[in-house]
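Next up: just one chain, as structure tokens, the form predicted on its own.
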Amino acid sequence: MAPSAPRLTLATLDRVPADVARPGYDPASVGVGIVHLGLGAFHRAHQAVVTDSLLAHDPRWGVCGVSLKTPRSTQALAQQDGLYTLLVKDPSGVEARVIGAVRETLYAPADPSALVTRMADPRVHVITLTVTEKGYCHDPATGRLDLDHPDIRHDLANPAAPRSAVGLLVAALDARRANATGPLNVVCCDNLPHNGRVVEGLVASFAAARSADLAEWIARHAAFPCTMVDRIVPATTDADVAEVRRRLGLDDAAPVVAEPFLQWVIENRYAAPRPAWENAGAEIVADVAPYETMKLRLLNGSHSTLAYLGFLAGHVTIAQAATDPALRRLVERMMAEEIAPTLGVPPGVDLARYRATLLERFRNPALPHRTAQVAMDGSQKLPQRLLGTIRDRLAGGGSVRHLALAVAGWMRYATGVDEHGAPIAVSDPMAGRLAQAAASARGDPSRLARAYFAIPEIFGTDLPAKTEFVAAVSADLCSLLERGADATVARHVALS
């Protein structure tokens, strides 16, 4: 084991080598104007990086980063005065940069009332969120708040000690109302269609369950702009930690890794002051929807397809799956023939070039983005990434042949057993229910497909009634179970 090095902190920041970028401001002088819920790698490689680029000119917008489920990231960052390293990787090499935007950290379960107080501080004008699709306690098929969700039931019964993101938002807004600390911008950065409107609806439903007056105040004093975020951020590995130590000569327990590409599109809809994110590369637009739909369907839909079918075919990383000739051809055909016709293209976007760029990004060998990581939480992701496209194609009478195989890939993966009989660690909030459905089918592909289609939180009630679509998925699922992913995908593209 290598001997330890000094830890990256404010006291050791001046030891960072000249070839590593570092904050062009004094982090200790930065105030907190943003509270971020969901202090994971994606936020620290995306929104925090954009914000970091602004702080030399406007130091009001430091971030208080909040973990909702585990104290791991908050503890590591607290020991480093909020500093961490971003490694940007592509085939040409690696660039390192120290980020100083996170000025405070909180672990919400330790003291939810302290978090609510922080969110109600009059100097805080923005709440951002990356809590993943499952973190909103909603029905992903309808977008409605699940009032029977254990966290929502808890928060309605214990408004002073909320544990869900929605409960925390409403508690903070209620505190701002009580203390007259002003309006608030709530900026969702998760992959939900119309994410701002969805979160606004969830907050309104929760607030109405508490008080009609509170719901009315929130409607007048909070803004929920829609956003689209895009950057591939794989899990940090031990090799990445070692790379940071080699580059900095310092230990960093919380580095993050990303590709060079970064996009953040934000709706021009605010109730309070906000950072000038557009000065650091974000796009402020009147309508986010076409950007959002393009990204969710082309990037995220293809990413999930590569994850499920690639995992089943034995590919550990997305880069490996994307260089598999048959899988690459499947994704190319799916994007061009079935996804692209459902899109309203944003102004100035060359859709063919966008698709080609996605494939280049997926094949980046410097980013070992694991198929198992992308495959997580499929029950929450499928409605946004694939099923919306399928509904549009079916409504227009178009083919969903490639999309049906993608859905069948998820079903095969969700059985929890790979092609060699080894268990798959299915990480999903519905994992138990999915396992029960698989067990009830007793190996029969048609019964298995029907069991999964019978989960309305995923497929609604409309898709199970589309007999041709159900038959196509069932046939692909049968092939995946009998022939395996390699043979199924190869046969599929050969017949295309």
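Just so it is clear, the model here is predicted, and its values are computed rather than measured. Residue numbers run from 1 along the displayed sequence.
The same protein also exists as the form predicted together with ligand CS2; that form is not shown, yet it is the one meant from here on.
Residues I232, L299 and V374 are all found to lie within 4.5 Å of ligand CS2 in the predicted bound form, as judged by heavy atom distances.
Note on the partner interface in the predicted bound form: the residue among K295, H315, H125, R247 having a heavy atom within 4.5 angstroms of ligand CS2 is K295. Site annotation in the predicted bound form: the residue of R103, H402, H303, R118 reaching within 4.5 Å of ligand CS2 with a heavy atom is H303.
Heavy atoms of K381 reach within 4.5 Å of ligand CS2 in the predicted bound form, making it an interface residue. Taking the partner from the other structure, ligand CS2 in the predicted bound form has a heavy atom within 4.5 Å of a heavy atom of N191. Ligand CS2 in the predicted bound form is not approached by R412, whose heavy atoms all lie more than 4.5 angstroms from it. Note that among 77 to 85, 224 to 232, 165 to 173, 147 to 155, the stretch whose heavy atoms approach ligand CS2 to within 4.5 Å in the predicted bound form is 224 to 232.
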